[in-house]
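First, one chain by itself: the form predicted alone, in structure tokens.
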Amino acid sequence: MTQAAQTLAEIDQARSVHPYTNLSAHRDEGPFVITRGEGIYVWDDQGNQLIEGMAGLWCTSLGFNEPRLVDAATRQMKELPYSHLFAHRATEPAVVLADMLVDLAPDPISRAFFVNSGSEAVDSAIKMVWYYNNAHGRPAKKKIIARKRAYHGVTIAAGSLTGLPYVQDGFDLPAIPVLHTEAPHYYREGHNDETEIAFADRLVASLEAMIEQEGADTIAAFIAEPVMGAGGVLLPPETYFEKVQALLRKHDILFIADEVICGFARTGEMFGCQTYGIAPDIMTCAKQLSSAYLPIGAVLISEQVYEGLVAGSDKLGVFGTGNTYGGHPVSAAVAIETLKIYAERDITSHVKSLEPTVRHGLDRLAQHPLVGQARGVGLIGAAELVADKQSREQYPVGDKIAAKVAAHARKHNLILRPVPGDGIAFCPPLVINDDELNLMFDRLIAALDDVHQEIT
């Protein structure tokens, strides 16, 4: 049936399969249709103007109508709409973007490999780690250590690393050799009277025990988000990454920093690694690389890792992996323009200038009777909801309190996202200003008030 005979919602219910959706409920409830965007706002098909408090999916950093990105895509589309990077081929946008990314990245990063998404970046990073160890004659060194509550994507390898049940249940994951160590959730997992430093010591001791039990000669890499995003916006406890890195060096285990959410000023520095003093062997990035205007991601690697890939390709005749659209010239051109805008507008300084407003907003959230902890860094944060502030007791899972807050927030024209542990996350476009931030917190608190009144 044609669109003229049906509404968009009806066509969607009849034809589409939605990711991260209760498909049975969708048949009854239908879609939430977004029609346009401007700045930090989007409009739905009912004409409502909403603050996009999640920047889409942690990604639309420059807002929803940046003309320079549209112009960059248009110019490149006219000049060279497609070419690939296989078998020594190159394009100017891909070469320039690789150079810019390596210049921005922390040491010891020296090379860039392009993909289309964060999940592809993580899968490619794992393949590189395995290839690297095979090239060095260590075929048993293949296990990857991730963390409980981590989010690294949904493809076969990335979904295996993700430490959230809803990503794995029903999909026969994990499908690769992966171990999951504790999440660094000090508020929820710290012992009474245990300092952050002592908590970090305990986590690292547990990680070392895992390594020793499995055998360091079987463990290839440790992967971590500087700030755990979809797992609840969990900030690392003091000294955590410093001690983790020392442990990994001791056991010759590579560090993969998953910067898909944290990368490009989200934490107040260009990369989360720079916020938390991480010197990664491999970095994955995507999302804000192009302000999400076009799909693009990258795996950034050290020269040591690159030399391992060179050795392997010499032995085998080819580095046999890649993507048809990896380094797509139009996506790369948009990413270049995005990085130029970040530099010209000093986006990291802008994010830092908003810290007092964010801190004030977090303080307001923390005072709410439903909120046990409000946490954040840069322009990413969360409120963890509890039934009792003193005991930190959570509501029954079936009550879906965070989902209720997100639903009420939409009634107040604010889009937010529930995250595991009854958290409600925010991650607005980086172009937000103080007044808009205050309005975002006002609307979130109004939603909390609604739910509190509903359940008491």
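Computed from a predicted model, the values in this text were never measured in an experiment. Throughout, we count residues from 1 along the sequence that is shown.
Just so you know, the form predicted in complex with a small molecule exists too; it's not on screen, but the next bit is about it.
The small molecule in the predicted complex is not approached by Arg266, whose heavy atoms all lie more than 4.5 angstroms from it.
Under a 4.5 angstroms non-hydrogen atom cutoff, the small molecule in the predicted complex has Val260 among its neighbouring residues. Mapping the unseen interface onto this chain, Ser117 counts among the residues with a heavy atom inside 4.5 Å of the small molecule in the predicted complex. Although the partner is absent here, Gly381 sits far enough away that none of its heavy atoms falls within 4.5 Å of the small molecule in the predicted complex. A heavy atom within 4.5 Å of the small molecule in the predicted complex is found for one listed residue only; from Gly153, Gly361, Pro329, Gly308, this is Gly153. Residue heavy atoms within 4.5 Å of the small molecule in the predicted complex occur in exactly one stretch of 194 to 202, 145 to 153, 126 to 134, 351 to 359, and that stretch is 145 to 153.
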